[in-house]
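Heads up, the chain below is alone and in the form predicted on its own; it's given as structure tokens.
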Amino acid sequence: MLRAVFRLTATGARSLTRSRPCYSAPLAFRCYSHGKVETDEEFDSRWVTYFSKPDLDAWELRKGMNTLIGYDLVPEPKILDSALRACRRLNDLASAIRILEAVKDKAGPHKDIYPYLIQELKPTLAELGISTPEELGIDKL
């Protein structure tokens, strides 16, 4: 009996001191994007087409602008032109002004981007009768 106890304790002690082999899994390399990369022109034309849809409603306009502003970029003037024209089709002046405010905020510390966009959009703003936040005095609030 004493021999059985001694054998069990010796086996238990050996299993405690025995090192387990370490298995290291190979590093996984993941390619999340298998499709082709979209060029800047394709990106711009996709958004111009989106905002030019004749059946675009106010919810889709806000959803599209929210998605567009969520990207790490400032939208091109032709995209903003299309979005402002969609606002005019919907008779939604508030959304048009919000778009201009969002673009100004998106430009951030780069003080030359927003004036460039306003300069490029000036003919469209005049044609549609949309005032900038600066002209309305709401940029100082």
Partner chain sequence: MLRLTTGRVGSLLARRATAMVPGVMIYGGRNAHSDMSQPMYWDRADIPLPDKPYKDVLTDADKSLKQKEKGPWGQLTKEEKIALYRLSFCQTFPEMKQKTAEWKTVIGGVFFFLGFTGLVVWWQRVYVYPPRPRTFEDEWQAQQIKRMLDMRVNPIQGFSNKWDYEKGQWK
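Positions refer to the first chain, counted from 1. Since this is a predicted model, take the numbers as computed values, not measurements.
Although it is not shown, the form predicted in complex with its partner chain is what the next lines describe.
Not displayed here, its partner chain is approached by residue 101 to within 4.5 Å at the level of heavy atoms in the predicted complex. Although the partner is absent here, residue 94 sits close enough that one of its heavy atoms falls within 4.5 Å of its partner chain in the predicted complex. When contacts are judged by a 4.5 Å heavy atom cut-off, residue 69 counts as touching its partner chain in the predicted complex. Put simply, residue 123 is far from its partner chain in the predicted complex: not one heavy atom of it is within 4.5 Å. Of all the residues from 53-72, those having a non-hydrogen atom no more than 4.5 Å from its partner chain in the predicted complex are 61, 62, 65, 66, 69.
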